[in-house]
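Encoded as C-alpha coordinates, the following chain is the form predicted on its own, with no partner shown.
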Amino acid sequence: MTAPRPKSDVPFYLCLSLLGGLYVGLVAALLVADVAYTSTVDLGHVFASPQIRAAIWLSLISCSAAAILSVWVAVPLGYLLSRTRFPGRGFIDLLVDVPILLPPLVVGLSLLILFQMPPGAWFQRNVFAVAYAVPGVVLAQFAVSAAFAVRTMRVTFDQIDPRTEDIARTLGCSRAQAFWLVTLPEARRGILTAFTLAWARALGEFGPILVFCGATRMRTEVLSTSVFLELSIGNLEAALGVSLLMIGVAVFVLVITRAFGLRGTGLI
(Lines give C-alpha, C1' and ligand atoms only; values in the text may rest on other atoms or scores of the structure.)
Protein backbone atom coordinates (compact mmCIF):
# COMPACT_ATOMS: atom_id res chain seq x y z
CA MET A 1 0.00 0.00 0.00
CA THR A 2 1.48 3.30 -1.08
CA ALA A 3 1.52 6.29 1.21
CA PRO A 4 -0.84 9.12 0.23
CA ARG A 5 0.78 11.96 -1.61
CA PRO A 6 1.13 15.07 0.56
CA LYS A 7 -1.18 17.86 -0.41
CA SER A 8 0.31 21.01 -1.84
CA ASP A 9 0.85 23.93 0.54
CA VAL A 10 0.53 26.44 -2.27
CA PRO A 11 -3.20 27.23 -1.75
CA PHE A 12 -2.60 27.80 1.97
CA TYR A 13 0.30 30.22 1.47
CA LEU A 14 -1.50 31.88 -1.41
CA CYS A 15 -4.50 32.60 0.81
CA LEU A 16 -2.28 34.04 3.55
CA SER A 17 -0.40 36.15 1.03
CA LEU A 18 -3.59 37.56 -0.44
CA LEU A 19 -5.02 38.51 2.94
CA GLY A 20 -1.76 40.00 4.26
CA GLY A 21 -1.03 41.63 0.93
CA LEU A 22 -4.14 43.78 1.22
CA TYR A 23 -2.64 45.71 4.12
CA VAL A 24 0.85 45.81 2.62
CA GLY A 25 -0.65 47.13 -0.60
CA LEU A 26 -2.55 49.81 1.30
CA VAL A 27 0.62 51.07 3.03
CA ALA A 28 2.53 51.06 -0.26
CA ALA A 29 -0.33 52.87 -2.01
CA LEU A 30 -0.35 55.58 0.67
CA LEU A 31 3.37 56.22 0.24
CA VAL A 32 3.19 56.20 -3.56
CA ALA A 33 0.23 58.59 -3.51
CA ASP A 34 2.10 61.04 -1.27
CA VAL A 35 5.20 61.01 -3.44
CA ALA A 36 3.25 61.23 -6.70
CA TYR A 37 1.12 64.16 -5.56
CA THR A 38 3.99 66.52 -4.77
CA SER A 39 7.07 67.75 -6.63
CA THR A 40 10.54 68.98 -5.77
CA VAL A 41 9.40 72.54 -6.54
CA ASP A 42 6.59 72.25 -3.99
CA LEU A 43 9.00 70.82 -1.44
CA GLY A 44 11.42 73.68 -2.05
CA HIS A 45 8.66 76.23 -1.39
CA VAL A 46 7.63 74.42 1.77
CA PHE A 47 11.08 74.30 3.32
CA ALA A 48 11.79 77.89 2.32
CA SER A 49 9.06 78.98 4.72
CA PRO A 50 10.52 80.44 7.94
CA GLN A 51 7.58 78.99 9.91
CA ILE A 52 8.29 75.47 8.66
CA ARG A 53 12.03 75.84 9.32
CA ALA A 54 11.28 77.02 12.86
CA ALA A 55 8.98 74.01 13.34
CA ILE A 56 11.74 71.69 12.12
CA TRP A 57 14.28 73.13 14.56
CA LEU A 58 11.85 73.01 17.48
CA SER A 59 10.94 69.43 16.59
CA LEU A 60 14.59 68.38 16.52
CA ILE A 61 15.31 70.04 19.87
CA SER A 62 12.14 68.96 21.68
CA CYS A 63 12.19 65.37 20.38
CA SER A 64 15.84 64.97 21.37
CA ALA A 65 15.17 66.36 24.85
CA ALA A 66 12.11 64.13 25.28
CA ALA A 67 14.04 61.06 24.09
CA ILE A 68 16.95 61.75 26.46
CA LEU A 69 14.56 62.17 29.39
CA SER A 70 12.72 59.01 28.34
CA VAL A 71 15.90 56.92 28.37
CA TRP A 72 16.96 58.55 31.62
CA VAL A 73 13.87 57.18 33.39
CA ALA A 74 13.46 54.04 31.25
CA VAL A 75 16.80 52.46 32.19
CA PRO A 76 16.25 52.39 35.98
CA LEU A 77 12.52 51.70 35.76
CA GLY A 78 12.94 48.97 33.16
CA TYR A 79 15.67 47.36 35.28
CA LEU A 80 13.53 47.41 38.42
CA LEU A 81 10.51 45.91 36.64
CA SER A 82 12.66 43.20 35.06
CA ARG A 83 14.97 42.22 37.92
CA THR A 84 13.13 42.87 41.19
CA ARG A 85 9.92 41.88 42.91
CA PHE A 86 8.40 44.50 45.21
CA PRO A 87 4.96 45.46 46.52
CA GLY A 88 2.94 47.29 43.90
CA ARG A 89 5.12 46.10 41.01
CA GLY A 90 2.11 44.93 38.99
CA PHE A 91 0.34 48.24 39.52
CA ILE A 92 3.39 50.24 38.40
CA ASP A 93 3.81 47.99 35.38
CA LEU A 94 0.18 48.67 34.49
CA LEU A 95 0.53 52.40 35.14
CA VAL A 96 3.47 52.69 32.74
CA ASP A 97 1.28 51.44 29.90
CA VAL A 98 -1.52 53.94 30.54
CA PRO A 99 -0.08 56.72 28.29
CA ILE A 100 0.17 54.19 25.44
CA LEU A 101 -3.50 53.24 25.71
CA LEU A 102 -5.01 56.64 26.49
CA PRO A 103 -6.34 58.74 23.61
CA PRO A 104 -3.74 61.48 22.90
CA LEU A 105 -6.24 64.28 23.56
CA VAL A 106 -6.86 62.88 27.03
CA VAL A 107 -3.12 63.03 27.80
CA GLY A 108 -3.02 66.67 26.73
CA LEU A 109 -6.13 67.53 28.73
CA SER A 110 -4.71 65.80 31.80
CA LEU A 111 -1.49 67.80 31.52
CA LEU A 112 -3.47 71.02 31.17
CA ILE A 113 -5.49 70.24 34.29
CA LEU A 114 -2.35 69.25 36.21
CA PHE A 115 -0.82 72.68 35.66
CA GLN A 116 -4.04 74.41 36.65
CA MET A 117 -4.09 72.64 40.01
CA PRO A 118 -2.30 74.39 42.92
CA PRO A 119 1.12 72.62 42.66
CA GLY A 120 1.33 73.02 38.89
CA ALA A 121 -0.02 76.56 38.91
CA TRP A 122 2.51 77.54 41.61
CA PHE A 123 5.33 76.05 39.52
CA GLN A 124 4.28 78.07 36.49
CA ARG A 125 4.06 81.30 38.47
CA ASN A 126 7.30 80.96 40.41
CA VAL A 127 9.64 78.82 38.28
CA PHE A 128 8.85 78.96 34.55
CA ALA A 129 5.88 78.61 32.23
CA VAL A 130 5.09 75.13 30.97
CA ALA A 131 1.63 75.24 29.41
CA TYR A 132 1.56 76.96 26.00
CA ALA A 133 5.36 77.17 26.03
CA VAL A 134 8.32 75.16 24.70
CA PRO A 135 8.84 73.22 27.98
CA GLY A 136 5.25 72.06 27.63
CA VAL A 137 6.02 70.66 24.17
CA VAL A 138 8.86 68.59 25.62
CA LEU A 139 6.70 67.44 28.55
CA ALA A 140 3.82 66.42 26.28
CA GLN A 141 6.18 64.42 24.09
CA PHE A 142 7.94 62.89 27.08
CA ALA A 143 4.69 61.84 28.78
CA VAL A 144 3.93 59.39 25.96
CA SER A 145 7.34 58.50 24.52
CA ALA A 146 8.75 57.49 27.92
CA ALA A 147 6.22 54.65 28.12
CA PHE A 148 7.62 53.14 24.91
CA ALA A 149 11.18 53.55 26.19
CA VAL A 150 10.36 51.86 29.51
CA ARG A 151 8.72 48.93 27.76
CA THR A 152 11.73 48.57 25.46
CA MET A 153 14.21 48.64 28.34
CA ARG A 154 12.25 46.09 30.32
CA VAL A 155 12.33 43.70 27.35
CA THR A 156 16.05 44.43 27.00
CA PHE A 157 16.83 43.51 30.61
CA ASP A 158 14.55 40.45 30.38
CA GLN A 159 16.74 39.18 27.53
CA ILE A 160 20.01 39.69 29.43
CA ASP A 161 21.02 36.67 31.50
CA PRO A 162 21.08 37.75 35.19
CA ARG A 163 23.80 35.19 35.90
CA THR A 164 26.40 37.58 34.50
CA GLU A 165 25.55 39.98 37.31
CA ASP A 166 25.69 37.16 39.84
CA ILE A 167 29.14 36.17 38.62
CA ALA A 168 30.33 39.78 38.90
CA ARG A 169 29.03 39.94 42.46
CA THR A 170 30.85 36.73 43.42
CA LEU A 171 34.03 38.41 42.15
CA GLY A 172 33.59 41.29 44.57
CA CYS A 173 31.33 43.75 42.74
CA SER A 174 28.44 45.39 44.48
CA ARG A 175 25.00 45.37 42.87
CA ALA A 176 25.57 48.89 41.53
CA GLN A 177 29.02 48.01 40.17
CA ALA A 178 27.66 44.89 38.46
CA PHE A 179 24.92 47.00 36.88
CA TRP A 180 27.29 49.70 35.59
CA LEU A 181 30.13 47.42 34.50
CA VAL A 182 28.26 44.36 33.21
CA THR A 183 24.54 44.82 32.60
CA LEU A 184 24.48 48.35 31.22
CA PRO A 185 27.11 47.68 28.51
CA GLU A 186 25.13 44.59 27.47
CA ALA A 187 21.99 46.73 27.21
CA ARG A 188 23.52 49.30 24.84
CA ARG A 189 21.50 48.11 21.83
CA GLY A 190 18.31 48.27 23.83
CA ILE A 191 19.19 51.77 24.97
CA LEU A 192 19.70 52.82 21.35
CA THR A 193 16.36 51.26 20.43
CA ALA A 194 14.60 52.96 23.35
CA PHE A 195 16.08 56.33 22.34
CA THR A 196 15.13 56.03 18.67
CA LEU A 197 11.61 54.77 19.42
CA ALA A 198 11.06 57.54 21.96
CA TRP A 199 12.41 60.12 19.48
CA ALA A 200 10.16 58.87 16.69
CA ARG A 201 7.11 58.74 18.97
CA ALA A 202 7.81 62.26 20.17
CA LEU A 203 8.06 63.47 16.57
CA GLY A 204 4.63 62.09 15.75
CA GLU A 205 2.95 63.44 18.89
CA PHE A 206 0.07 65.75 18.04
CA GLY A 207 -2.96 65.61 20.35
CA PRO A 208 -1.24 66.34 23.68
CA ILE A 209 0.79 69.18 22.15
CA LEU A 210 -2.25 70.76 20.53
CA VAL A 211 -4.30 70.70 23.74
CA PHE A 212 -1.51 71.51 26.21
CA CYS A 213 0.62 73.93 24.19
CA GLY A 214 -1.48 75.09 21.25
CA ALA A 215 -0.02 75.55 17.77
CA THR A 216 1.40 79.05 17.83
CA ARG A 217 3.54 79.87 14.81
CA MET A 218 7.25 80.45 15.58
CA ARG A 219 6.67 79.48 19.22
CA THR A 220 5.11 76.07 19.95
CA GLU A 221 4.64 74.81 16.39
CA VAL A 222 6.28 71.45 15.67
CA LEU A 223 6.09 69.34 12.52
CA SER A 224 2.97 67.44 13.52
CA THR A 225 1.09 70.65 14.27
CA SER A 226 2.47 72.19 11.06
CA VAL A 227 0.54 69.56 9.11
CA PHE A 228 -2.61 70.53 11.00
CA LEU A 229 -2.10 74.26 10.51
CA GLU A 230 -1.38 73.95 6.79
CA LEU A 231 -4.41 71.76 6.27
CA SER A 232 -6.60 74.19 8.20
CA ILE A 233 -5.81 76.93 5.68
CA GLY A 234 -6.14 74.64 2.68
CA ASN A 235 -2.43 74.48 1.85
CA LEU A 236 -2.36 70.79 0.95
CA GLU A 237 1.07 70.96 -0.76
CA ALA A 238 2.76 72.32 2.38
CA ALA A 239 1.01 69.80 4.61
CA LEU A 240 2.10 67.00 2.30
CA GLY A 241 5.69 68.29 2.17
CA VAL A 242 5.95 68.22 5.96
CA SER A 243 4.31 64.79 5.99
CA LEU A 244 6.91 63.44 3.56
CA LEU A 245 9.66 64.74 5.81
CA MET A 246 8.12 62.93 8.78
CA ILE A 247 7.73 59.75 6.71
CA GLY A 248 11.41 59.92 5.77
CA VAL A 249 12.39 60.27 9.42
CA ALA A 250 10.13 57.34 10.36
CA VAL A 251 11.77 55.11 7.73
CA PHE A 252 15.21 56.15 8.98
CA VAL A 253 14.26 55.26 12.56
CA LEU A 254 12.96 51.86 11.45
CA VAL A 255 16.23 51.15 9.66
CA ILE A 256 18.21 52.00 12.81
CA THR A 257 16.04 49.91 15.12
CA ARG A 258 16.11 46.90 12.83
CA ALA A 259 19.85 47.16 12.28
CA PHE A 260 20.88 47.72 15.92
CA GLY A 261 17.81 47.10 18.02
CA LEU A 262 15.85 44.26 19.52
CA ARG A 263 14.33 41.59 17.34
CA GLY A 264 11.47 39.38 18.34
CA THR A 265 10.29 41.65 21.11
CA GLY A 266 7.00 42.74 19.59
CA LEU A 267 8.21 46.34 19.68
CA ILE A 268 9.95 46.54 16.28
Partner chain sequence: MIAVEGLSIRQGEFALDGVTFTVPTGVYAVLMGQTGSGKTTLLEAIAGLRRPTAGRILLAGHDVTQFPPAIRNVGYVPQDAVLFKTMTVWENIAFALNVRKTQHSEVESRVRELAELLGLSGLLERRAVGLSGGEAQRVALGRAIAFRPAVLLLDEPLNAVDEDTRDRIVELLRGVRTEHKMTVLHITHSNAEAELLGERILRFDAGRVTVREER
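Numbering follows the first chain given and starts at 1. Fair warning: this is a prediction, and the values are worked out from it, not measured in the lab.
Keep in mind the form predicted in complex with its partner chain is missing from the figure; the text below concerns it.
- Its partner chain is not drawn, but in the predicted bound form it has no heavy atom within 4.5 Å of residue 158.
- Under a 4.5 angstroms non-hydrogen atom cutoff, its partner chain in the predicted bound form has residue 173 among its neighbouring residues.
- The closest non-hydrogen atom of residue 89 lies beyond 4.5 Å of its partner chain in the predicted bound form.
- For the chain shown alone, residue 177 is a contact residue for its partner chain in the predicted bound form, at least one non-hydrogen atom being within 4.5 angstroms.
- Only one of 92 to 100, 182 to 190, 146 to 154, 79 to 87 places residue heavy atoms within 4.5 angstroms of its partner chain in the predicted bound form, namely 182 to 190.
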